[in-house]
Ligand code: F6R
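Starting off, we have a lone chain in the form predicted on its own, written out as structure tokens.
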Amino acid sequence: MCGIFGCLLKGGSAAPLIHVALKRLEYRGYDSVGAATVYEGRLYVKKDQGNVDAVHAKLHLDNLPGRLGIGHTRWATHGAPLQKNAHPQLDCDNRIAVVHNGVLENFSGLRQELEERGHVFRSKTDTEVIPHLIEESMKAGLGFADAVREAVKRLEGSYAIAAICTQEPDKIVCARKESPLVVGIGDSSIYCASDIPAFLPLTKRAIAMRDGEFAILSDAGAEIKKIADWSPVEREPETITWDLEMAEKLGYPYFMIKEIHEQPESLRNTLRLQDTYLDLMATFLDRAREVFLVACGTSYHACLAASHMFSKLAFRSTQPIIASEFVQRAGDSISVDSTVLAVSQSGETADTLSAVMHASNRAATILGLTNVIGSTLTRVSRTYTCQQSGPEIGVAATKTFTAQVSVLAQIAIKLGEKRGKLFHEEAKTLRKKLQQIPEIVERIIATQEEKIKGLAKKYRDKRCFFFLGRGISTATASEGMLKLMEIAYVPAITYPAGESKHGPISLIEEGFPVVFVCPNDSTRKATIGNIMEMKARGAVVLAIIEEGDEEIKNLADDYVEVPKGVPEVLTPIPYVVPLQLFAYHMAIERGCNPDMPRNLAKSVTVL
């Protein structure tokens, strides 16, 4: 997730407005910043790695001349956060500048095609193919807007783009597919941005662009068309009533609930990983004598889920280990035959990096899964993969878990094929099911959140919870437990459901709440037995079940339903979403701030 902004003024300088707008968009990305303006037939560009303040102190962003320009604050998915990879990206002749938020699936093939035609690329980004495609069409005789349209018609993946050109210096051209884009209408100005906060102090009149739409911004206003057939779109601006703080959260009261609702988008982006990197990760995992999955907190729970995936799909035994315990538990056994797959949202988690450095010093192969390109983990890994979920502002990780599990599932499928344990059709079916998961998560949020709010009201005064699951659902239950403790400050215990009778069941008394994660998988019958054990001792059961599971509905006191058809190995992704929502609404009911849980930090960089 990145932030883009563009403005066209009838008078005055665009650069200071771009600078301030990017500062307001910095929550969308902060590893590099750039801006471009057009003035007297020339393109002016300033960009570098770093946050907005650092780049402005170095380059003086306000000094760019001209009344029209675009800007970008980046969260890297392709190419490290370096000056050359910062946006705007340019064509060969420095006449076209493009800023882009999204992930392009087919950039590699487009880049090869363009290079064969003589185009010279300067960055490692997926975005750079866009200005070169526009350049190609303009050289063939098309005008700027038509050339942008031809370019975006060739793009696969997600994008919100804004482009400017020296040959038509009086317009900004925008297009959207999946990534957000809004147009702001001022009295003597017009804007485009990823989010409303970018222009909210300048105008409260906004038009939200929809998927497959194209906008030409000029002094005459905003002309919106459909990319597919070039038909005009008539849509009146809406008046924004939010304040700036609420606008940053798109009207949500907290970042955490905003990020829970963003999960369908972030999951779609995880499915746009380049196959080359997945194959490379699978190759290293296949060669290893032993594989350790090392992480902390939420990322550790993703590793627990992954260990089941690797076993089930690839017959590959792996050892998930909490990073702070790694040296004591496995340190002396690590060798050149060991592979460590380290998982860290920030790529800077101190305990994880300490485990990685120990393993590296003993010649182990280090693989990384992180959300931050350019982080320490990416630098010390033999190869790494980006989870592509964008910045996460809320301290309690939500889209981090689902994104990491999605990426690890893709690696497991690839490894299963490589090891001959998954037939092609089986792998194809699983990938098809993965493609459906974002829509399933969307449906859960749309249909179950109001019910979950009611459950939070019902259970808000409970003093302790059990979270139980079997098989891969032990990971889901563990993550649900962590969320409730982190943000609602309710003590909670998680166990494999089959282990609960070996001690924890002694805590059960009348009215004790037990949350069961029970998809319709190979563990369902055994889980039903555990539910009955708890009910017999007076427990109140809240079950996360497959839609239409009447047997468990009749046993449970309350239930939340997840759509049918999710394969067992993929259940942690959709089944954790009700638990995230439950934790969030419990926090609200108990008067807690879910974005800033006490004693916790987003990135734990101390041992």
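Everything numeric in this text was worked out from a predicted model, so none of it was measured. Numbers for residues come from their place in the sequence shown, where the first is 1.
Although it is not shown, the form predicted together with fructose -6-phosphate (F6R) is what the next lines describe.
task = State the residue from S299, T402, N269, T527 whose non-hydrogen atoms include one within 4.5 Å of fructose -6-phosphate (F6R) in the predicted complex.
result = If I apply the 4.5 Å criterion carefully, the residue I get is S299.
query = Of S338, S307, S137, S346, which one comes within 4.5 Å of fructose -6-phosphate (F6R) in the predicted complex, counting heavy atoms only?
reply = Answer to the contact question: S346.
inquiry  = Heavy atoms within 4.5 Å of fructose -6-phosphate (F6R) in the predicted complex: which stretch in 185-193, 416-424, 289-297, 501-509 meets that?
reply    = The contacting stretch is 289-297.
message = Even though the partner isn't displayed, in the predicted complex is V395 close enough to fructose -6-phosphate (F6R), meaning a heavy atom within 4.5 Å?
response = Heavy-atom contact with fructose -6-phosphate (F6R) at 4.5 Å: present for V395.
inquiry  = At 4.5 Å between heavy atoms, is D126 in contact with fructose -6-phosphate (F6R) in the predicted complex?
reply    = Heavy-atom contact with fructose -6-phosphate (F6R) at 4.5 Å: absent for D126.
query = Is R176 close enough to touch fructose -6-phosphate (F6R) in the predicted complex, meaning at least one heavy atom pair within 4.5 Å?
reply = Heavy-atom contact with fructose -6-phosphate (F6R) at 4.5 Å: absent for R176.
task = Using a 4.5 Å heavy atom cut-off, state whether L482 contacts fructose -6-phosphate (F6R) in the predicted complex.
result = Yes, L482 sits close enough to fructose -6-phosphate (F6R) in the predicted complex that at least one of its heavy atoms falls within 4.5 Å.
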